[in-house]
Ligand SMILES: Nc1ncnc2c1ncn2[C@@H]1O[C@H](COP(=O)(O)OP(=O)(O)OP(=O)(O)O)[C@@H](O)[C@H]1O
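What follows is a single chain, given as structure tokens, in the form predicted on its own.
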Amino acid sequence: MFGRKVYFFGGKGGVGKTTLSSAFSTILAKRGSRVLLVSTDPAHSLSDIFGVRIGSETREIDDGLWATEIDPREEIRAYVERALETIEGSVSPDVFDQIREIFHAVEHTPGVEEAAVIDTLSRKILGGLEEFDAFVVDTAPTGHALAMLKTVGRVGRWMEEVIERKLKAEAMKEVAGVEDRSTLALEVLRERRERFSKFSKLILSEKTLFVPVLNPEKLSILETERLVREVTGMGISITHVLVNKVLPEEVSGEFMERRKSQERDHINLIKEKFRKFQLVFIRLRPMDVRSVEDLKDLAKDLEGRLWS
């Protein structure tokens, strides 16, 4: 599991993605890597775990470990503004005013949030390839994470079409002797096309690993099964599956014994459904991870299990 450039931690809400991605980032930093931990989950729990205000700016939170939180709503506003800047030089002021109204009206359209997040994520990762040895992405729950990853390919194809149309329009303007005001817009589109193309190649390469996280519960297992199928179908690598919050062997009492019995059935189902991958079982801790000390203790446990 070690030795990759980009790690996406994904899974159902509440399974422990943020805690395990943070612990894994701590492991990488302890082993000498310069790591950037990125949260794309609107809930943003990184600040709570590390006990510091992180926000959208990249900041160092421990030796060798930096973190940033991508706010989808903030990124949508910035994404729309950048898109409008791209268009402004290509159309008349009256037309631009109409386009601006339309853009602001579609800020809540499905897919816009994912496009904004992936645009920011691609800039942070590609822009930091020389600065950081590894990137760990704590994604939003399953549906949002899948939509975000699928957006990379869709936006890339859309930009190809837009650029092709703009080139044809430029050729027609040149023939007609019309003044061209879209050079800047075309350059911006080309930059984004190139960036998304590079980011897509990075995600689909052996340098990237998707790490599913689940709990030994039926709904979590079924959702993770669909997640794994979709992610591998995109061509993204998965080698390990992290099974979090497994009851310790020493628990006792009638209630806990019944839970353990049910959990054993779920674990057998996990072993059957994810037999192609290396399974890593992480025990349920007696208390929540509420401090950096707790996180480092979990990281030690996780590291031992990853190497066992």
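Residue positions are given as counts along the sequence shown, with the first one as 1. Keep in mind that what you see is a predicted model, and the values were worked out from it rather than measured.
Quick note: we don't show the form predicted together with this ligand, though the next part is all about it.
Quick one: does Ala23 come within 4.5 Å of this ligand in the model of the complex, counting heavy atoms only?
No, Ala23 sits far enough from this ligand in the model of the complex that none of its heavy atoms falls within 4.5 Å.
Asp288, heavy atom within 4.5 angstroms of this ligand in the model of the complex
The answer is yes: Asp288 has a heavy atom within 4.5 Å of this ligand.
Give a yes or no for Arg59: in the model of the complex, does one of its heavy atoms lie within 4.5 Å of a heavy atom belonging to this ligand?
Arg59 lies outside the contact set for this ligand.
May I ask you to check whether Thr68 falls inside a 4.5 Å heavy atom distance of this ligand in the model of the complex?
Heavy-atom contact with this ligand at 4.5 Å: absent for Thr68.
Which listed residue (Val241, Ile27, Val35, Ile282) meets the criterion of a heavy atom within 4.5 Å of this ligand in the model of the complex?
Exactly one listed residue reaches within 4.5 Å, namely Ile282.
Looking at 51-59, 270-278, 256-264, 242-250, which lies within 4.5 angstroms of this ligand in the model of the complex, counting heavy atoms?
That would be 242-250.
So which residues in 11-30, when you check this ligand in the model of the complex, have a heavy atom no farther than 4.5 Å from it?
Heavy-atom contacts within 4.5 Å come from Lys12, Gly13, Gly14, Val15, Gly16, Lys17, Thr18, Thr19.
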